[in-house]
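We begin with a single chain expressed as structure tokens, specifically the form predicted alone.
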């Protein structure tokens, strides 16, 4: 079936933009309204799978709290404005700040929903370059920067992240992840349940290591509880076992790996017998896990949020991939493999097998001295950079599709800091707990009113593919797409004014891109891209110059955007294939198994091995209906049992005098919140679980349904200065807390 024009009655194909699974949808419309949403059976990637979030796209589009016109705040009062009025206000207030205080007086912050909107993601990068500020922040330092950094050091690029080839694997070890609820994270894998079932039906095994018996653990062949924050000891002990028992088998990678002996020496102290007590996993079980991984012909290790959001996040992320290398499972079918994305993947461009690698610490945050990583500073440094006077103090802020007041530790402090800014702009569809502090809000289109291509997620997908979604509904008259709003902001920060010609700006940027890419062919390539603009033009360029592309006629059988558009269910590009050495972008052209900074971090862990365990620690929790905080404002996802409870083991509840459903005060280094207790033996004793993204109902926010059941903000009890020193990622898991019935003194 051909794609329908936006706004036409009928069935439209759509990629779901609400989580990393990126499932294909069929959206039924009539009279300009959505009447039904179901999974797309003909989608080459998701094959009909659908979770509740996809159906909630209708609620999101129709949400009365979703902003549809620009907003200007004067004092405590909000006023609707025209687009020109909003941009005139931005120019009037932002330009003098930059002129008086310099480029670093402006900060930019972007949230993860931007990854699901092609225009936002591609043009935010353009705005950041034009702004010329060192103060760039994103949600990456709240959940994934450790994995990006470790892979950057090992393989040469931030997004060269190997993922489980689950459809051919016989053994999958999952550590600190819950893909049954997430359908992958830095691993795009819709219908994980079905793929895990198929793994087991062909005789494979699924083993989960987690402080909670998660939804994934519940369907696994084995589950081991682990003390939060001790993953580094478990992983190092498994690597130790491989060396100690002669189980290392590099296989085909032998000629492509550097640093084997350095790793052997670094993990020598970490015998399972030395770390078992700290992990709360028996030494025999640790050794058996390593043996099983080594003995399985097609095995894989997958570690995610739990391994990243801790003090050793980068080192844990590294050790996960070290295990794959040492057991011969990296870059092999059924193991951990590198997807080959059709567009926008730097590890498919330029000379294959060698590159510049990655650099960090090119500058540091002004107050804490946290190093820049991937061009960003830690989100938990934003408040102090606003609060602290002196040269380089942040005085103006642009936020894009984010809510760090809820999603980052130190939210109350950040809220106070935001209120003290000279000027703040937010590109967002909601007035949420963060954007309520803005002076101007520029709302974006509904996801159904915008065309879409997943820019980052094919780089993490379980199978190679290319899919495109045209807009389902026609956008409101006069409302510009977000990429044009970002270009207007870019014009303002470059001194070209709020009324600059957006199309001329976009054409000039494309011309610069083509001159860098292929100066001798820039003119014919420009002509071939004529008729498109904005992100779709960039997408056509990326597809044509990508690994499957037509290279502007040099490979006539290759991909173009026109071809992808003509395939509503997408184009299947096949299973993952071995890519080493081609995928590598390290200066040596080899897998760097022993990055010096990671070797140096292991003694830090060893020094803390004997640290006494806190009586009670907190971890987060993922729910299939609650990926981001704004999802709590959608009726379909918000209905049913309240999901913001604090799960407590019955033994801990009895010790603390708490009953199921009781109200209690949870306190940590960052502050305290009131929670509703729910007893659950899915937790190991001494561990409490509170989900991320709650804490709604703050004054000035406009999310009525979420405010009815606000929940408690996990991040409010966490220390905003606690970070993985290598990546700057916030420590969100394993923090010591106290819990007590309301009205009593706090006890552990």
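Residue numbers count along the first chain shown, from 1. This is a predicted model, so every value here is computed, not measured.
Same protein, other form: the form predicted in complex with a small molecule, not shown, and the subject of what follows.
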key: Position in contact with the small molecule when the complex is considered in the predicted complex, options 347, 407, 459, 135, heavy atoms within 4.5 Å   = 407
query = Between the options 237, 381, 305, 424, which residue brings a heavy atom to within 4.5 Å of the small molecule in the predicted complex?
reply = 305
request  = Decide if the three candidate residues 212, 310 and 629 all line the small molecule in the predicted complex, where lining means a heavy atom within 4.5 Å.
outcome  = yes
task = Give a yes or no for residue 413: in the predicted complex, does one of its heavy atoms lie within 4.5 Å of a heavy atom belonging to the small molecule?
result = no
ask   = So in the predicted complex, does any heavy atom of residue 453 sit within 4.5 Å of the small molecule?
value = no
ask   = Would residue 428 count as touching the small molecule in the predicted complex under a 4.5 Å heavy atom rule?
value = yes
request  = Could you confirm whether residue 643 comes within 4.5 Å of the small molecule in the predicted complex, counting heavy atoms only?
outcome  = no
request  = Within 4.5 Å of the small molecule in the predicted complex, counting heavy atoms only, one of 646 to 654, 84 to 92, 221 to 229, 533 to 541 shows up; tell me which.
outcome  = 221 to 229
